[in-house]
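There is one chain below, alone, in structure tokens, taken in the form predicted alone.
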């Protein structure tokens, strides 16, 4: 009994040391990015608790195994059979009940954390998020003068309600520094609440494999002070009517996600580059060729599957005509008349010469 007590005391000390070392290694190897939202706090606490539980369980198993191998190994010349013993009912009950209670406890804790990170606060700012292959589009319905943007600008220390929807396939909105993420579904709005609390620049990425350029589905996020946010809103409110046709076309190319697939500098992307394309002769899938003029650009935008340039697939949405009409009607209510398709073609012609 005296020896048993000594062995258990040594093992207990080794388990504590092993747990500490393992916890340190886990938190060093799997270091979490900077926390930049209120929601990150309780989530990080859960992460650390998981690391601690993993460390203790790992140390319990490994220390007992290694200690037994070293201390109770068969000595040279010992040919006797080991002592026969039956199982220990009390030990089996303990190692069944403790993991069960631990798992149930983590489940209850997780439900509480989920309620905390999804709780609604007064005066939240609603922002609409549209995901499409392979870009993010944002709009601010509380501020009618702000158009569509490809950059998400957020005021610090204010809860944000992201109302999200996909134009095509499954996407997932994820900013590691905010910790929370949410899938975007075609035809169904999902909601994600975040309260950024650290001024800085971050990246939103898609955490759901969504096709060829999934890895490049990135957008900038800027968390700014309230004063900077109000200044940004004012800057965004510049009347579209004051822009030239090419400037408007550049805005539509950004707002409707065209630049997610078409470069203007010759870079290869999911769609043909616009550099030098206007007036060129392009081979088509299935044979034949076409001259890239205004008529071809118009047809390609409204009927993207009609004449596909060789070497590319048709991944463009076939809904641009309706999207353009909706936006034109919205702007008409503010006294601004635009022709989005014509202005977009003007821009493509300008950069494609």
Partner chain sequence: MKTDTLWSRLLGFIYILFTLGLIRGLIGMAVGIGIGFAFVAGLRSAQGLEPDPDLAVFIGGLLGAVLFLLFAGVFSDWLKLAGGRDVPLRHGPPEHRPAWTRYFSVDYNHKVIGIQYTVTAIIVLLFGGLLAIIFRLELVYPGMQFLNPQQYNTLFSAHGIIMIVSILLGVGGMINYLVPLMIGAKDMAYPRLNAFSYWVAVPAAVLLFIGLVVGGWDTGWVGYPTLSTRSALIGVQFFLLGFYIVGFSSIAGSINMVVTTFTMRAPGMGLFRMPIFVWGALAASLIQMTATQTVGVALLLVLVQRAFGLNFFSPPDGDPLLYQHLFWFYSHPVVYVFVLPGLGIISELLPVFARKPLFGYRWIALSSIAIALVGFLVWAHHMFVSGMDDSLRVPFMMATLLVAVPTGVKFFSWVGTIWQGKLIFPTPMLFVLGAISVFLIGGLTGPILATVPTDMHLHDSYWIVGHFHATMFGGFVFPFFAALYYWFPKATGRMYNESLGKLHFYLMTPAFWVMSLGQMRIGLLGMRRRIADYDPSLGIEQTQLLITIAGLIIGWSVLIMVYNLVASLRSGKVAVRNPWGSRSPEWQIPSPVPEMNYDQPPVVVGDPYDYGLADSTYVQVAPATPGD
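Quick caveat: nothing in here was measured; it's all calculated off a predicted structure. Rigid core: the largest C-alpha set superposing within 1.5 Å between the two forms. Numbering follows the first chain given and starts at 1.
Beyond what is shown, the protein has a form predicted in complex with its partner chain; the following relates to that form.
Contact with its partner chain in the model of the complex, judged as any non-hydrogen atom within 4.5 angstroms, is confined among 152 to 160, 274 to 282, 253 to 261, 214 to 222 to 214 to 222. 46 is the sole member of 302, 46, 309, 35 with a non-hydrogen atom lying within 4.5 angstroms of its partner chain in the model of the complex. Put simply, of 110, 198, 125, 148 only one has a heavy atom within 4.5 Å of its partner chain in the model of the complex, and it is 110. Using a 4.5 angstroms limit between non-hydrogen atoms, residue 194 is distant from its partner chain in the model of the complex. When its partner chain is considered in the model of the complex, residue 168 lines it closely, a heavy atom lying within 4.5 Å. Interface membership of residue 95, defined by any non-hydrogen atom within 4.5 Å of its partner chain in the model of the complex, is confirmed. Not displayed here, its partner chain is approached by residue 87 to within 4.5 Å at the level of heavy atoms in the model of the complex. Along 15 to 36, these residues reach a heavy atom to within 4.5 Å of its partner chain in the model of the complex: 29, 30, 31, 32, 33. Comparing the forms between this form and the one not shown, the C-alpha position of residue 43 differs by less than 2 angstroms, with the core used for superposition.
Once you line up the core between this form and the one not shown, the Cα of residue 71 ends up 2 Å or more from where it was. In the core-superposed comparison between this form and the one not shown, the C-alpha atom of residue 318 has shifted by at least 2 angstroms.
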